[in-house]
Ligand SMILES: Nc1ncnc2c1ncn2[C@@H]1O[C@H](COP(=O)(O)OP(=O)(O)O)[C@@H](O)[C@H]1O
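Here we start with a single chain on its own, the form predicted alone, put down as structure tokens.
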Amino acid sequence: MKTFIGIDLGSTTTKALILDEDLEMLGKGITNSRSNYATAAAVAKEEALTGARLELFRRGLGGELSSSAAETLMTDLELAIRLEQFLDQLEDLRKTCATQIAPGQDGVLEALDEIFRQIKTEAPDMFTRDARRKSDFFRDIAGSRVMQIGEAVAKQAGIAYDTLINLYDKSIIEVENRPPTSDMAQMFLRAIDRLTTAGSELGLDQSTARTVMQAALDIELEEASQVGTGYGRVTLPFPKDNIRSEILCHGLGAHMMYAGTRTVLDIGGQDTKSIQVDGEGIVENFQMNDRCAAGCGRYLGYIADEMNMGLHELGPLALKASKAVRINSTCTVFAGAELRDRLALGEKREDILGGLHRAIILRAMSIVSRSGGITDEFTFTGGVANNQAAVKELKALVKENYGDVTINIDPASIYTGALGAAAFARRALDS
């Protein structure tokens, strides 16, 4: 089977997406961009290949299950695979931490083993349908648990807590920057075995599930073409003809998600761009923010750090605002000072965040205006499109300035650039 891969190497996250010859999505993957762009691209691509095998398994089910039972099985299977991946990386992290122990640090290895034993024991509960994880990135999940469990273990063992945390800090980057080494086939079959009980409840026994999975694994996925885009695209080892600008890829990607798209707003980690496209997804005009990351994903990340919150918590708290505090600047450099001033004046955190989100969208709308305004249909993409407070402000301002316009927001909007890149890779086969 010929496949076409798009890689969007962003400043904060790297995305990969795989299409088949019919422009149907096979798989997608995302990871932190880190300091090593080459590794980030490899990890995201491996995640997309994992997704592709899952999709081939789903297609291979055929009429074995009802549609609802098949979707439930696919959800459980994906979670089981994520668990297997997590456990593999957790073991890698344990071994790497052990190599960092200095001579004479008595009891440290035993303490480390206890920390990782506890994390391994609780891991299955973190990958269930009802589990609420603050992040899907290994570093975030593992780091949080190492810090929480490590404090109690260090105290019990009579070891300095900082000693354990320093071992983690020295090891996590090495582990995170190591491309996946697990045997994909064995990992998928182990995941199937984990679902024996769930599978039998759904009417699919272990033997049948293994047979369907093996058939999916046996399909050869030929990489016919790859196209790279994004902030770090020039670092990709692709020929010049296989590199496309973010503007072109986001325009085409938005068109593929919603064929009626005429205006695209993308708020990513590093920049904000407004793009006007024609009926074929070809860019007609665009505008971007200046060089600073004001009002972008990195700005929100900085605000989250200042408030000691998770990035995903900002939107829900902002939705609770009873008023929008006026924010004078969306500059990352001055954000901390203004935030502290507002808190010192007695403003509520939710009201401050409400004002921050409105300021971000106002800035984005000025960029949209400079690109030519909004023409029906309007598609909002990028990581900030998953922030419901930002979406609420956007919808209100669009209606206020442009009337009733169709606003499209895909749950997978963060993959828009990678989708456009993969589509360009497919087009290259016909050119």
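Between two forms, the rigid core is the largest collection of C-alphas that superpose within 1.5 Å. Numbers for residues come from their place in the sequence shown, where the first is 1. For clarity, every value in this text was computed on a predicted model and none was experimentally measured.
Absent from the display: the form predicted together with this ligand. The rest refers to it.
Contact test in the predicted bound form: residue 420 vs this ligand, heavy atoms, 4.5 Å: Contact with this ligand, no.
Contact with this ligand in the predicted bound form for residue 414, defined as at least one heavy atom pair within 4.5 Å: yes or no? Residue 414: contacts this ligand in the predicted bound form.
Check residue 270 for me: does it contact this ligand in the predicted bound form (non-hydrogen atoms, 4.5 angstroms)? Residue-level check for residue 270: yes, a contact with this ligand.
Quick one: does residue 29 come within 4.5 Å of this ligand in the predicted bound form, counting heavy atoms only? Heavy-atom contact with this ligand at 4.5 Å: absent for residue 29.
So which of 264, 227, 252, 300 reaches within 4.5 angstroms of this ligand in the predicted bound form, heavy atom to heavy atom? Contact with this ligand in the predicted bound form is made by 300 alone.
Tell me, please, which stretch of 39 to 47, 56 to 64, 367 to 375, 385 to 393 lies within 4.5 angstroms of this ligand in the predicted bound form when heavy atoms are compared? Only one stretch passes the 4.5 Å heavy-atom test: 385 to 393.
Site check 96, 146 and 150: each within 4.5 Å of this ligand in the predicted bound form by heavy atom: Heavy-atom distance to this ligand in the predicted bound form: none of the three under 4.5 Å.
Under the 4.5 Å heavy atom criterion, name the residues of 1 to 30 that approach this ligand in the predicted bound form, in sequence order. The stretch 1 to 30, when checked against this ligand in the predicted bound form, contributes 10, 11, 12, 13, 15 at the 4.5 Å heavy-atom cut-off.
Quick one: once the rigid core is lined up, does residue 140 have its C-alpha move by 2 Å or more between this form and the one not shown? Moves: yes, 2 Å or greater.
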